[in-house]
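Structure 1 and structure 2, given next as structure tokens, are two forms of the same protein chain, each shown alone.
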Structure 1
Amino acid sequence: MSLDTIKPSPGFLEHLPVEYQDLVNHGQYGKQMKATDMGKFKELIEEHPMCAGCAMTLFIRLAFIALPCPEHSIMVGTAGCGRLAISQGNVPFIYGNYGDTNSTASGLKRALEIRFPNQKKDVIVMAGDGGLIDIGFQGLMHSWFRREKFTTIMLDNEVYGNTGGQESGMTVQGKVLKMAPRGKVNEKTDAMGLAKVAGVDYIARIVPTNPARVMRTIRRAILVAREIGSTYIQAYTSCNIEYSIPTPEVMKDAFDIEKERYGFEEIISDRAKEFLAEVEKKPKK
């Protein structure tokens, strides 16, 4: 994980596939891309096996573009739809077993700090709602209580979409699913509230309706985690298959849900605010 592992030896570039040459010559390494740049450079993730119209895929693409330093980043994930795309990206990916993503990320981050004391390495956990709030709950909470310096991104499609439609802790109360025919009994878990109680330094809830805001939020979370402490992003990424959302209606659903109950929210600790004010300060002209 450095730019040296991506660049081919002198004289070999021209013999590599065109896609790889494109990645080296027109990738995002060393640059800060904007959402409006999409389609004008070689993205870190392109081919993937996600369903047509999947909002989660759009969010994951934006997450990769938002990485402040992709050549010094590692993704950690687990079983679920998201890892099908995340593992295709040109960023090292560690597949944690169900339940241990945040434990894996904790050990990884600490090891990287010892191995590379002079180079900041960003660790990002990106997994589904079931993998984090149900099966991975213990590891998630303890990583927050320990103030581990990495970012956790929940791909909240409010269902176990990869296994046929079982309810998760993040499913909305009363929702009827293929594997929950009587409707969910309990309320949706307040993961944002749990993060706040645990003292997470940067917390955000977001829907992929505004690409620029999604990227800014992810960058903020990663930068705060790099220097200050744990960060958490909860992203609504609907499952158009399990919720029977027609493909042309996926983004309409995103806007509707954002308006009804998933509005953008940031909760930032005082020390994280101070840090962000400094790093986001515009240079004087």
Structure 2
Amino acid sequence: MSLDTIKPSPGFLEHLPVEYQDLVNHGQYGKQMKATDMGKFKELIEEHPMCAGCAMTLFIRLAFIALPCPEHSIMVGTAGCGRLAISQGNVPFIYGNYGDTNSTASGLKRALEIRFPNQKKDVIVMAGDGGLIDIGFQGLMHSWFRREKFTTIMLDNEVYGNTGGQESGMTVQGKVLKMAPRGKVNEKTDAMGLAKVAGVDYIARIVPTNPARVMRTIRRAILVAREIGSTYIQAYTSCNIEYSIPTPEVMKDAFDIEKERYGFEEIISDRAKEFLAEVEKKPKK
């Protein structure tokens, strides 16, 4: 029973750190939280050292709340801004070498299935656009070809944020950034298209303008990965520093980009559709 994992022995709870007690008593273990409940429960991630106003942190916060079973989830990340916040979450986090996420997650997930045949463990890769589409491209694609049962979430800020603003494969054509002094020559990589060709079972493109939709999308992706096959979410998480977006305008930028070229889209395989119809029809507890 999942909640038992974090249940302290009787008599011990009062001696544990207050933060831990709060997680057990007021956290999201064993429950499904709603976006509208934010602020009313102990969240898995509460502080981070990322830039003020960074949209990526909002997305990561939502992703943690959306985890369908945080007590049996493992996050896999890599070099890049996102790991600064992900590593602060109360979910085990693997931080390997830059770009190794999907290879690492493949071995991890298969090994967990050997050790815990009766307990599904959710493995979630959350990494930057550079980490996935450039240096980690091969691992990403091959994990999809192999239909590895974990979720990949691309934190697509369209730039190498953590190294100070260089062009990435996900940067749009023409954009002037470091290492693209005359503007990016090639087009933004069609990662959604690649995922489709590779046979990924659930693919979604999203901008965090609607928290409830973000959470629903993440849940769907994790549930499909648990039972069916690979899943991929590409989230626009703007970098206000490198793109010089004034902090109060970060959400306006998100709405604008969403409207212009980053509209919500889901591409779902037939077997994943069937599966989702089944799980989502069950009455809510």
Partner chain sequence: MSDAAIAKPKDWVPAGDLQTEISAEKMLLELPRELQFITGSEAAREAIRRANVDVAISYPITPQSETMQQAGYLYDDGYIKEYYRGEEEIGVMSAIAGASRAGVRALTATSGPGLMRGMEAISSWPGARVNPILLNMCRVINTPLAIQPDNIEMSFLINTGMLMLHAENQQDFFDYTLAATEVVDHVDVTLPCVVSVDGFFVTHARGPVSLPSEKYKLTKRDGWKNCVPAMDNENPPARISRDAPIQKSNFISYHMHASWQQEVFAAVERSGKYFEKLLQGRIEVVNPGAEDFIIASGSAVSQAREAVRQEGEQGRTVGLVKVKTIRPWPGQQIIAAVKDAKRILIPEFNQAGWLHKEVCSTLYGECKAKIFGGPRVYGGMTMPTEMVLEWLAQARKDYP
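Reference numbering: structure 1, starting with residue 1. This structure is a prediction, so every number in the text was calculated from the model and none was measured. Basically, rigid core = biggest C-alpha set you can superpose within 1.5 Å across the two forms.
Participant: Form predicted in complex with its partner chain, is that 1 or 2?
Facilitator: If we ask which form is the one predicted in complex with its partner chain, the answer is structure 2.
Participant: After a rigid core superposition, would you say the CA of residue 18 moves by 2 angstroms or more between structure 1 and structure 2, or not?
Facilitator: For residue 18, whose C-alpha is compared between structure 1 and structure 2 after core superposition, the shift is 2 Å or more.
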